[in-house]
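The same protein chain appears twice below, in two forms, each given on its own as structure tokens and labelled structure 1 and structure 2.
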Structure 1
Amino acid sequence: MDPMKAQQLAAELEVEMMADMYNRMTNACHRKCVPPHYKEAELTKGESVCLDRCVAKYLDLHERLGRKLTELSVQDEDMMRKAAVGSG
């Protein structure tokens, strides 16, 4: 595959994944923090605080998972390299 095409595909996939993460976060935090029947047009202070905390936790967890998955991927690549060197 052409390197430029691969880079473009990776960028498109990243945008798609970020949009999916944003949608999941929005839905999860809305369900958790905002009651289904609105009493006021604006968010209450409690709802705002809940949403802030929910989003912060969601993004923190997403960052931690990303770091762990990258770490595991690097370990897998190292193991594959060592296996290839050992068998060759």
Structure 2
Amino acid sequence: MDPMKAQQLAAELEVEMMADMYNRMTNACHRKCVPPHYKEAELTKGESVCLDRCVAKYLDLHERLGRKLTELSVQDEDMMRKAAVGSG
């Protein structure tokens, strides 16, 4: 695959991933912060503050795990390459 195309595809996949992440984050913070009581239509102050914090933490965690995951998969790749060379 030519590098331009590969880059474009990677960018598209990343956009898709962000959209998916956004949906999951919405779900997660909904479950964590909004108890299913629904006595009123407004968000309470507590729920609002919880949502703000939830979004911040979710995005932070997403970043950290992304970095760690990249690190681990690079290590993994190295290991496999060395194993392939060794068995050749």
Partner chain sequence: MAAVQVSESDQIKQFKEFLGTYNKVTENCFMDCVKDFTSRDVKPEESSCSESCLQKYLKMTQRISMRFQEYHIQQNEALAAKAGLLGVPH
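Along the sequence of structure 1, residues get numbers from 1 upward. What we label the rigid core is the largest C-alpha set whose atoms superpose within 1.5 Å from one form to the other. From a predicted model like this one, the values you see are computed outputs, not experimental measurements.
Remark: the form predicted in complex with its partner chain is the source of structure 2; structure 1 originates elsewhere. Relative to the superposed rigid core, the position of the CA of Asp78 differs between the two structures by 2 Å or more. When two forms of a protein are overlaid on their rigid core, residues whose CA moves 2 Å or more are considered shifted, and Glu40 is one of them between the two structures.
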